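Here you'll find one protein chain in two forms, each presented separately as structure tokens under the names structure 1 and structure 2.
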Structure 1
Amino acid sequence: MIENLLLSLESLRANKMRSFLTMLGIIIGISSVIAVIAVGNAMTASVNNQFAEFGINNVSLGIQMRADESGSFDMAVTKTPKDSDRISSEQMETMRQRFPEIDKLSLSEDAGRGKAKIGRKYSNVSISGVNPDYAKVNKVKMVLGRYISDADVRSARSVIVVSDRTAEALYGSNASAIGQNISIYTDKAIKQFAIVGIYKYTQSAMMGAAVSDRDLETSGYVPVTSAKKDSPYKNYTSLTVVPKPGTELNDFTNRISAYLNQLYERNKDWEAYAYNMKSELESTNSMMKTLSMAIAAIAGIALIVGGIGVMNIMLVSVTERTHEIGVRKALGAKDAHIRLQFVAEAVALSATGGVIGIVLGVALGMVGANIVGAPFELSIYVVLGTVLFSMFIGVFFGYYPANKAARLNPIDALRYE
């Protein structure tokens, strides 16, 4: 077997251009399949990262307009829920007691946006009223100071947590900003807060192109009760809960949804909802995997074309070496020896093309993953599978020419010119 492989490699070296052109179909097929799978994995990872930004284990709760009997909404009618239609703090507390699986409950209230100014220095700030769990649910990373506390919420204190970008723009450093009073000029009023903490601003993957630091708008977090001071509504239209680790997410979502539907079953205008992104992520991943495999299968057609090329060149090789085959058989070579020699040559041809295709496919996959902006991921089983498949092509398409060579009559072969 080793001798046959050495002879096969020698044959490839003797006809470099012909061998390369024969391998080209294999190279294109293998590299296409690997590149498509690698880019598909990168795109899936990118989607997973974007879903993770929103919290894959978070359950979003809220209210929405109730659909009519046909299941549609009257888009011409714009309604605002009354305070009695919204979810109250008492209902949230009851929910916590009814569902001990709840680990965190995050609240957020839009309190306007404006410019924080000190002389000619300014920073765009979007004010959000939050509770302490908001930072844990939304992965807010503190740089200095502290976050909004339960005491801040209970007392509706005028304190704020600003981003490191705002602190540097107004005060030059994070340390200088702690304890300072900040004035935020909105369309309706000038709001004043004491800075108690600085968090690290991170660019969201969903935001697209970054804006300049001068025009960047970052969030300023204040106690939700402080944000409610200027609002005519004391209750909430939405909140986010996170179950404890080990809780079956879909089952928990269904149970809490049934509970909310009971609360709103007599409300003619509004209904409650509860959903998580896990099922959406699973559906998206399944769709992307199916799409990648379909495209890879289409790219794999090039492998069939490459296999036909291998068969063609092996038939030519049998014709060219008919006299050699006759000599070998006259010296005692059996049919199996001749068959093995040509099959080994076809496998060497395909395997060499497969290795080159893998290298090229990995390179293309890395470029594609870089364009997508996700880490390069490729299973070792995919690489091994493509190598074995390329060798299978060599055996499958090389067997017919090899068998034809093995069945030649030695006398006719020796007479062949």
Structure 2
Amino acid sequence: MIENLLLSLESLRANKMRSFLTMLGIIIGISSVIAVIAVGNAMTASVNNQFAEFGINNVSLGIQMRADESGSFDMAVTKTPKDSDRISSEQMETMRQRFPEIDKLSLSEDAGRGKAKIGRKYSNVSISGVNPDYAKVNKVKMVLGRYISDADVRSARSVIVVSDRTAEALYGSNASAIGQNISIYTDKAIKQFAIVGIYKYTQSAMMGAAVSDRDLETSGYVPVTSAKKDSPYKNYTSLTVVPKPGTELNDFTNRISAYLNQLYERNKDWEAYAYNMKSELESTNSMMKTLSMAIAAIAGIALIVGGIGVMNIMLVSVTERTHEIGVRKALGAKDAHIRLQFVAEAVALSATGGVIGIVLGVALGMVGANIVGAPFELSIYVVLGTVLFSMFIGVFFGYYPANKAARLNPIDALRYE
């Protein structure tokens, strides 16, 4: 068997150009399969990461302008919801009691952006009014001090949690930043907070490193109540809830949407919404799967074409070597010996093509993954499976020519010129 394979590699080498051209179909097929799988994996991983960043178990709640009878919005007038149109803290509390499966409820209120300055040192900060659950829902990682607490929210304290980047830029280190009073210059005012904690800044997967490190804007978290101090509204337009693990997300979303809309039944201009990303994630994933499968099918056709190329060249080879087959039979080769020899040659051809295809496919996949912006990942099983599959192509498409060679009549083969 090994003897046969070595012998067949020999005959491949004897016909380099021809072997290469024959392998080309297999190379193209295999490399595109590998590249498609790798890029598909990378794409799925990158999309899933983006969804995970948003939180696939999060349910966003809020209010939106009510669609008119025809189902469209009146684009001409953009209205700002009155405080009475907004969701109040009391309503949230009632909702929490009605829905015990709510695990976390996160609030976030934009409170403007500005520059925190000390002398010539500065750092761009966007101020977010938050509650304690916000950190859990958005996976804020603390490195020093504490996060915004219930007490901070209740008393509307002027405290802030800044990023390690801001701490570094202004005070040189995390430790020296704690307890400092920070002044943030916004368009309208200078806001003053005491730094109580520092969190680790992690770059969002969605935005590249577009801004320079120095001008990077990071969030500064303050109690949602202190953010509200300067705002004419004390109620909320949006919030995020996370149900307890094991809750059926879509059902929960529908029930909470129905509940909220009940509260807005008599509001002519505003209604409530609730949505989650789960169905979007699922449809994106299934779309990507379909796309990968379509490309894989095309690659599969390339493989079949490659296999037919192998079969073709093997038929030529059998004809060319008819006399040699006759000699081998005169020396006592059984049909099985001849069959094995030619199948081995076809396998050597397609497997060599397969290996070259894998190398090429991995290279293409790496380039592709780089473009998609996700890490290149390829399981060893895919590689092994591909090698086995290309060998199978050799067996499948090599069998017919090999059998033709094996069934030759010894004397006819020997007399063949």
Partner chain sequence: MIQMRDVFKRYFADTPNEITVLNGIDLSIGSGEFVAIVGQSGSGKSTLMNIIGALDQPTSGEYELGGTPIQELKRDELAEIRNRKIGFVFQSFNLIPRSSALKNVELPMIYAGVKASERARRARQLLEMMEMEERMNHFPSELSGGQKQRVAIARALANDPDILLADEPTGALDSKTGNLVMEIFLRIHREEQKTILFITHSTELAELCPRVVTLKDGQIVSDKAGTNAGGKLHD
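Each residue is numbered by where it sits in the sequence of structure 1, with counting from 1. Only the largest set of C-alpha atoms that superpose within 1.5 Å between the two forms is called the rigid core. This is a predicted model, so every value here is computed, not measured.
Of the two copies shown, the second one, structure 2, is the form predicted together with the partner chain. Both Gly357 and Thr386 are assigned to a single rigid part for the movement between structure 1 and structure 2, based on which superposition fits each C-alpha better. As a two-part rigid-body motion between structure 1 and structure 2, the smaller part of the chain turns against the larger by 19°, taken from C-alpha fits. Taking the core as reference, the C-alpha deviation of Leu331 between structure 1 and structure 2 is 8.4 Å.
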